[in-house]
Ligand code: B16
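Single chain ahead, written as structure tokens, the form predicted alone.
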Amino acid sequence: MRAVIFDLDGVICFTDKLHYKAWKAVADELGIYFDEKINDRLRGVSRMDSLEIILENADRTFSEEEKKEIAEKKNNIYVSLLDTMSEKDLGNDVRGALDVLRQKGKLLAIGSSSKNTKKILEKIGLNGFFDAVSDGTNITRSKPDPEVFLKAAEMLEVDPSDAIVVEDAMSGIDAALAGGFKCVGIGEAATHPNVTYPLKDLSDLPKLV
């Protein structure tokens, strides 16, 4: 493998709790039931698609304009919560794996649906570290569509067959496979029936590539 493409949330760092707090605040204001089980369904899903899942429990329909306003309010809350992040939110196993991969001469990229990817990377001390960043600002289709990974590979100037994707979400594994990539699954994604390599954590990743 010439390149490794990482999902961000749940792989490089963990912002699930911040997303949950933001969505919970918005759902509570609207009187819509929302819990951590529903929140689990939002992993790897775009903001607007996440909102559609939450609105399944609403007792009325919302116009497209209302949906945009709700999504914007959620994002404003989430972005303010991101300011609580720091380099302490980058685990030693992740940092170690990234450093070894860099020493081995691998091209490294981020493939994330989040539009806040660059801010998160800056907060955890990885601003400018990756050779390419493909995120929610340059894609039109969310995972399980492979667009975000294909654009990352394009930025790196590598073929999907020469790159491996690291994911923690089932939809992310589906996206990687759909794009013709090999894939590493950690967390829930390690149980995906078609994952190429299931791993407990990132410390073993350098051995695979």
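Quick caveat: nothing in here was measured; it's all calculated off a predicted structure. We number the residues from 1 along the sequence you see.
Form predicted together with the named molecule: not shown, discussed below.
Put simply, residue 115 is close to the named molecule in the predicted bound form: some heavy atom of it is within 4.5 Å. Under a 4.5 angstroms non-hydrogen atom cutoff, the named molecule in the predicted bound form lacks residue 130 among its neighbouring residues.
Contact annotation for residue 55: none of its heavy atoms lies within 4.5 Å of the named molecule in the predicted bound form. At the 4.5 Å threshold, heavy atoms of residue 205 stay clear of the named molecule in the predicted bound form, well away from it. In summary, among the residues 178, 42, 32, 155, the only one with a non-hydrogen atom within 4.5 Å of the named molecule in the predicted bound form is 42. Partner contacts here mean any heavy atom within 4.5 Å of the named molecule in the predicted bound form, and among 74 to 82, 100 to 108, 121 to 129, 87 to 95 they occur only in 74 to 82. Shown here without the named molecule, the chain has 7, 8, 9 in 1 to 18 lying with a heavy atom within 4.5 Å of that partner in the predicted bound form.
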